[in-house]
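Read the single chain below, which is given as structure tokens and is the form predicted on its own.
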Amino acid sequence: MAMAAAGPAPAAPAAAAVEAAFSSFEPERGAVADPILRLSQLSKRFGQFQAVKEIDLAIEEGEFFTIVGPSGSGKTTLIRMLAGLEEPSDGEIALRGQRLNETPANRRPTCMVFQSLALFPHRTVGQNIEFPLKMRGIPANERMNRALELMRQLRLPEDYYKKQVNQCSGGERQRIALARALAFDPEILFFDEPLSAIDFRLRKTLEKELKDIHRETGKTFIYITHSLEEAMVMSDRIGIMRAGELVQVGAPDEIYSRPANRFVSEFMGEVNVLEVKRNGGGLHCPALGTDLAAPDINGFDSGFLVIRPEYLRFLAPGEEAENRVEGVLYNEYALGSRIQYQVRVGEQVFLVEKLREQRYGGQLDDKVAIGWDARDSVLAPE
């Protein structure tokens, strides 16, 4: 698994880590508390490098929480601390109110699905799924019944029970790893970018299946990825990380519609960003040489106005909008059910996105007017 720069020596191979984790686990159930997991001022340093910086976070029981951020943002280090594979430098991890900092991974009621999956290649599908049950002394017939039940739940044919893991496809191995994790019956499942090495079509299928499985099991899922699309499809809430900090936490729609700053707005997808500064009771955009209508600007002095491409519209002659600019239609891009247009207004480039059936009827190099209303934009600091 990737580690932050200046980190310690690499951990043992993932399969060995799985075997150690399963070898002595016994569930430790406490009184039901809300939230299930709380992080307080959690930090991790490797020498002089601080990979994770004073994170406070509460995760609700049964939640699908995704941590997303670019490479080097600290998300892998964070989830390794939560799983017990790294020890925090400062702060506290509490599960149902019980401090976990010094509890080793094999004594925590949690389980990690590794990026590499960490399956045992010399064992069959059934033996892989049953492994945690075997380590807990469950009789063979009960292990087999539970393995077959999980295989049905994860859409693995029953005749795969005796199939060698190395004869299975990438998608099948993903399901086997998840079945093994569920056999462990953890309170929280951690996922370390498990879909990153899978082709696009299968990844789309597995994203939906993971969300379905989350709903069916009621387990708490904590998932890390660099893919915004994965996070948006599957998550109840998303935490955006940058340089070791959680810069915004919220529901996907909330983060998409009301980004906390420019970094979040751009990380969450293609956007139109205009540098603006307060001008009396309004906002001035130097790049366009004009004042713009914007949402409530109380407390705002300077920063950026963010407009999602789908909120921009082409204006017919005589049609008005609170903000109107004129430019040239420079290019268009087919995106399946959507069409994205590039409109150049002087040095400023705007992206306008429409459903295919609402496509612009003109030609490239047409002079066009585009517009948007104040409520369809967001003010964001740097």
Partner chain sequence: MSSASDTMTAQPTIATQKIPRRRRLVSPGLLAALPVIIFLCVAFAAPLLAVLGYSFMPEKTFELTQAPTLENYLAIFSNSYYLSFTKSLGLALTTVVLLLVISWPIAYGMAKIFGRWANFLTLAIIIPLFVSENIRLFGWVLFLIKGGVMLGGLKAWFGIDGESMLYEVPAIVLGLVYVYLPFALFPMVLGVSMVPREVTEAAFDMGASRWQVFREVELPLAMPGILIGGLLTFILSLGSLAESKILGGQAVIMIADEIETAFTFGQNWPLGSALSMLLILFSGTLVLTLLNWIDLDKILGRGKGGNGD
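Note that the structure is predicted; figures quoted are calculated from it, not measured. Residue numbers count along the first chain shown, from 1.
This next part talks about the form predicted in complex with the partner chain, which is not shown.
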item	value
Exercise: R155 in contact with the partner chain in the predicted bound form, heavy atom 4.5 Å	no
Close approach of T110 to the partner chain in the predicted bound form, 4.5 Å, heavy atom	yes
Partner contact for P132 in the predicted bound form: the partner chain, 4.5 angstroms, heavy atom	yes
In the predicted bound form, F120 touching the partner chain (heavy atom, 4.5 Å)	yes
Region of this chain that lies against the partner chain in the predicted bound form, out of 111 to 119, 304 to 312, 242 to 250, 228 to 236 [heavy atom, 4.5 Å]	111 to 119
Position in contact with the partner chain when the complex is considered in the predicted bound form, options I213, M151, L85, L283, heavy atoms within 4.5 Å	L85
Contacting member of G170, P295, G72, P104, with respect to the partner chain in the predicted bound form [4.5 Å, heavy atom]	P104
Stretch 170 to 194: residues contacting the partner chain in the predicted bound form, 4.5 Å heavy atom cut-off	R180, F184
